[in-house]
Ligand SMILES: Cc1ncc(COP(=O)(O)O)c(C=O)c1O
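Here we start with a single chain on its own, the form predicted alone, put down as structure tokens.
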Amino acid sequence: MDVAALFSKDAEAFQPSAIRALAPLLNDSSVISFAAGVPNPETFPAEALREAADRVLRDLPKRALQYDVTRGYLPLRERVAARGAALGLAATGGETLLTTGSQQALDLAARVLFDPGDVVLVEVPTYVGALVTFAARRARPVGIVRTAEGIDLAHLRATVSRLRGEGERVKALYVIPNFQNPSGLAMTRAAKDALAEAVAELDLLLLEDDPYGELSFGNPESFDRTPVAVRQPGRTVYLGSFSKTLAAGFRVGWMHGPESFLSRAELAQQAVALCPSTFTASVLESYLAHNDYDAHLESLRGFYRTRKNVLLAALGEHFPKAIAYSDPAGGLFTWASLPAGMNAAALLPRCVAETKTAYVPGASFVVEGDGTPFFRMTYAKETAELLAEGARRLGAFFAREMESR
């Protein structure tokens, strides 16, 4: 049977993740990987989570091992909402939807919002997983320039005006304000204020994805932690996750937003999964109830701050001066650029073969303009010694490539 002939138009639009497609190159344990944007397993509070699981299975087995309501385990939703309230978010536990990581929250949002051909505005560069999700709904991503401070609002206004003048349905703007994947950049307070005003002026829904906001390396005074959603609660869907800060394998994220939106996302959740995992949510809630999560976050910030400093010092020592890279104030990534005319994706297979180091080519993160010179590096995975050695190997490889041009 030709099963492919039965595929829906949506299925035909599915795209593989450009990062996950690199897996065959990266499975070699001898490769120093700057590629996979995963948290370091040394940071997982495994023993505390084991104790939390023991408590749940001892005290709440009938609840934790059963289906739950579609919005998820209420005690965890209430804790998530309380932490959001400390940031200024007005959502309650009842106004919170738990999801399988913020990736599923993105999928639910896309299901609720987009018909084929609808425009979703995205930063340049932006998270490749969001682009894959939007493609699955056959939405059309259009790029908006992202500067070191935030969204280029002149470009945003001009783009929206042009697209609507052409009869396009421009519905939403997707942003990662804090330590963005892949660039590592964070919006300033003034940029967030201005963006909040702009989305109201342009009648856009804002999809605010915030998996890295807790990972600031500087003093709190130097970073505006307040979500854009606090400024525009009626037109912002806020997505959060425990994946980068606590336990990626638990796959627990959440969504806040206008009730009219959440009620539709709840119906989409019912169709997809009935409800999120009660067990993982109850274990996380028990962990939060019996441990100092803020102390854990502070330790996490110090861990990644140290790794970032090691990598950037090594890049400064070994990379040719013609290669630019960001100096993130938080998160897990730096975003680098080769000289014009060089193609990071084309060089990657030979780089892995010759140097046993790997990075993620940047073109898949860029929906407008030439993304071929860019590449993303993470300092999360490897030890300090391997970060320095990998930077040395990459620097020598790129230097040889530049000399041979």
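Note that the structure is predicted; figures quoted are calculated from it, not measured. Note that residue numbering begins at 1 and tracks the sequence as displayed.
The same protein has a further form, the form predicted in complex with this ligand, not shown here; the description that follows concerns it.
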Sort through L121, L97, V283, I176 and report the residue having a heavy atom within 4.5 Å of this ligand in the predicted bound form. I176
Pick from K192, K244, H256, K308: which residue has any heavy atom within 4.5 angstroms of this ligand in the predicted bound form? K244
Look up in the predicted bound form whether D107 has a non-hydrogen atom within 4.5 angstroms of this ligand, and give yes or no. no
Check whether G330 has any heavy atom within 4.5 Å of a heavy atom of this ligand in the predicted bound form, and answer yes or no. no
Exercise: P211 in contact with this ligand in the predicted bound form, heavy atom 4.5 Å: yes
Q232 near this ligand in the predicted bound form, any heavy atom under 4.5 Å? no
Just one of 224-232, 142-150, 97-105, 163-171 has residues with a heavy atom within 4.5 Å of this ligand in the predicted bound form, so point it out. 97-105
If you apply a 4.5 angstroms heavy atom cut-off, which residues in 115-153 are near this ligand in the predicted bound form? Y127
